[in-house]
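Next comes just one chain, in structure tokens: the form predicted alone.
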Amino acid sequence: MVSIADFFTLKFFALVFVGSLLGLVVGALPGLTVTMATALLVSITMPWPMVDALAVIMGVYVVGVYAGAISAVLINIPGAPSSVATTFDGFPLARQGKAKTALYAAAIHSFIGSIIGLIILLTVAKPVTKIALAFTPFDYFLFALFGLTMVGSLTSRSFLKGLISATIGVILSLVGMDPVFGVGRFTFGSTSLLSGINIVPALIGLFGFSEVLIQISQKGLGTIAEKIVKERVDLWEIIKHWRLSIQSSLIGTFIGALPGVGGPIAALMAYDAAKRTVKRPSKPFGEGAIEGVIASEAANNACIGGALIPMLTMAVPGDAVTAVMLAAFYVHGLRPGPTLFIQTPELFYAVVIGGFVGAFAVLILAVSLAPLLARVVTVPKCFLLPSVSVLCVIGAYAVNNSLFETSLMLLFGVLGFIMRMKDYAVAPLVLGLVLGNMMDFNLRKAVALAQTSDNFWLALVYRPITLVLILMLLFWLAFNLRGIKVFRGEGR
């Protein structure tokens, strides 16, 4: 009989830590993803015992998700899509000479988010899975539509401009092969566009390359922040936001348990909730509020525990990384699901304990490396901007080893530069890009299924979860009317 104590060995801890170092590298470098690293590990660790393979994979997974915050804070390029919301306040903090504070906040609350997500995985996996798997395609459509109501929160000044930005994102998300009819949409004869617009080069262009263009246009060759060397980090100012961290972690865990939704939406929704619930932020959101970094990082790391719930209990992956982990189980001749806890409980323990050790590795690596990493913002721009540009090109190319992705990144960089110069926020565009395809596919699937029933509308909406989501959506739309009033005021 396997017990938890059997995993407290030097070998198991060392394997998780090796995975953590790898996760730090792939997470911090734009273009290299945790999914890519996990896929490589599955092939490398194939001859290994499954417990050892899971130890390394969990180290990569937990630390890799956190590490996306490093480049998001220091150079305004999210290392992973789930770190998009971290750039909103993380980079402004770095420009104010508080890069170390932002990095410590990201690490501490990534740790809290990871722990909460894993505790929920350990205690209430089965009930959460039942709720998550009860979602129909129309529920997913409503959920994505609910996500679009965040436009008001992601737009600092003009609601109309945020709405236009989100609409552009939704339209761009429709580029590619139609999932229902199998024909190309908005591809203009390009075979490269048939697979759609990859989110990673789009993020690198919108946040990273556009920032380079803006800095060049301002003709300033100093440093991003001069005060970093003398910065003193007040840990209590970071830890005292534990209630916000718990709130964001719960949001992240629940969204993570919804198959196919993932960390970017969890982080954006937690950021939106923080903006609505924190009455007196340290600074306005979008201008360096530490609460924005905390909400985003707690949610995206808590998403790990949530994504593992349906994968381990029902063999349904919650995100791309757990899909690769699922493949690893099958490669080793194992099958996750209800029998996992009876036939191979040691694998469940390996995942959970590996996650806990990975969470502590986040703290250790952050404390040891954050002061060194934070000095990046003291490098003069004449050296930093060319380096960031090269990093953007390499990161985009690494996605598919394709010059097409690099060209896409450059196009999104120019688009982001123009939008930011004209005071259009790029975050709503990313939101539309992430949610648009999900809305399109699930709405059409839901309508097709409802058309086969006797009563179309009853089949579409007459379910408890659907009715709750509709009520939530109506409530938030009414709440956002304030933004529409601002728009009317601007029009006068």
Partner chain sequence: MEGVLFLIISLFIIYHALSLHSFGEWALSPGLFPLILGVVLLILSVFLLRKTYGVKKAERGSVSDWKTTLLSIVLCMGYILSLPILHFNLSTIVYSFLFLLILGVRNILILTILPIGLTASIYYTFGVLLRVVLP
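Under this definition, the rigid core comprises the largest set of C-alpha atoms superposing within 1.5 Å between the forms. Note that the structure is a prediction, hence the values are computed from the model and not measured. Numbering follows the first chain given and starts at 1.
What comes next is about the form predicted together with its partner chain, which does not appear here.
Student: With the partner removed from view, which of 303 to 311, 285 to 293, 179 to 187, 90 to 98 is the stretch that lies within 4.5 Å of its partner chain in the model of the complex, judged by heavy atom distances?
Tutor: One stretch meets the cut-off, namely 179 to 187.
Student: I need to confirm a contact call. Of 194, 171, 239, 134, which residue comes within 4.5 Å of its partner chain in the model of the complex, counting heavy atoms only?
Tutor: When its partner chain is considered in the model of the complex, the option within 4.5 Å is 171.
Student: Looking at 233, 250, 394, 122, which is the one with a non-hydrogen atom within 4.5 Å of its partner chain in the model of the complex?
Tutor: Result of the distance check: 394.
Student: Report yes if any heavy atom of residue 347 sits within 4.5 Å of a heavy atom of its partner chain in the model of the complex; otherwise report no.
Tutor: Output for residue 347 is no: heavy atoms all beyond 4.5 Å of its partner chain.
Student: Test of understanding: in the model of the complex, would residue 280 fall inside 4.5 Å of its partner chain by heavy atoms?
Tutor: No, residue 280 is distant from the partner.
Student: Taking any heavy atom pair closer than or equal to 4.5 Å as contact, tell me whether residue 127 reaches its partner chain in the model of the complex.
Tutor: It does not: once its partner chain is placed as it appears in the model of the complex, residue 127 has no heavy atom within 4.5 Å of it.
Student: Answer for residue 444 alone: is it within 4.5 Å of its partner chain in the model of the complex, judged on heavy atom distances?
Tutor: Output for residue 444 is yes: heavy atoms within 4.5 Å of its partner chain.
Student: Can you confirm whether 141, 383 and 398, the three residues that make up this candidate site, all sit within 4.5 Å of its partner chain in the model of the complex, judged by heavy atoms?
Tutor: Answer is yes for this spot.
Student: Heavy atoms within 4.5 Å of its partner chain in the model of the complex is the criterion; list the residues of 158 to 174 that meet it.
Tutor: Heavy-atom contacts within 4.5 Å come from 158, 160, 161, 163, 164, 167, 168, 170, 171, 174.
Student: Checking residue 52 here: with the core superposed, does its CA move 2 Å or more between the shown form and the other one?
Tutor: Shift at residue 52: below 2 Å after core fit.
Student: Is the C-alpha displacement of residue 291 equal to or greater than 2 Å between the shown form and the other one once the rigid core has been superposed?
Tutor: Comparing the forms between the shown form and the other one, which are aligned on their rigid core, residue 291 does not shift its C-alpha by 2 Å or more.
Student: Taking the rigid core as reference, does residue 239 move its C-alpha 2 Å or further between the shown form and the other one?
Tutor: Comparing the forms between the shown form and the other one, which are aligned on their rigid core, residue 239 does not shift its C-alpha by 2 Å or more.
Student: Using the form shown as baseline, tell whether residue 102 and residue 399 are closer or farther in Cα-Cα distance in the model of the complex, where the change reaches 3 Å or more.
Tutor: Residues separate in the model of the complex, at least 3 Å farther apart.
Student: Closer or farther: how do the Cα atoms of residue 56 and residue 398 compare in the model of the complex versus the shown form, where the change is at least 3 Å?
Tutor: Between the C-alphas of residue 398 and residue 56, the gap narrows in the model of the complex (3 Å or more compared with this form).
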